[in-house]
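A single chain, nothing else alongside it, follows as structure tokens in the form predicted on its own.
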């Protein structure tokens, strides 16, 4: 998990597009993000270039069109971000995070049952 690049919030939005449809051209990524953001096409192209430099994505060239695709999975990035958050905010300890979450969140009976099942499975 150490080779997973740190991805900014803006880069994360670009990655979500590529995780959902890949390979995608820069124009396809721009189209996908123009409804969700007020970013200019140049900004999105800059984000794509940064992600290439970080080795989070790569591309293949088809004529004059670059087709971008992820080099890391969404699951890998989520695990890396979770570990980073846990370390940064809770010193790496999971229990304080869970306790804080459980105190603050309203959970449905189904969610409580699911959490109980996960905890039961962990104790086996």
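Numbering follows the first chain given and starts at 1. If you superpose the two forms and keep the largest set of C-alpha atoms that fall within 1.5 Å, you have the rigid core. Nothing here was measured: the structure is a model prediction, and the numbers come from that model.
What follows is about the form predicted together with the DNA, which we do not show.
Checked against the DNA in the model of the complex, the residues 77, 56, 47, 32 give one hit for a heavy atom within 4.5 Å, which is 47.
Scanning 65, 71, 98, 86 against the DNA in the model of the complex with a 4.5 Å heavy atom cut-off leaves one residue, 65. Using a 4.5 angstroms limit between non-hydrogen atoms, residue 39 touches the DNA in the model of the complex. At a distance threshold of 4.5 angstroms between non-hydrogen atoms, residue 8 is in contact with the DNA in the model of the complex.
Relative to the superposed core, residue 38 undergoes a C-alpha shift smaller than 2 Å between the shown form and the other one.
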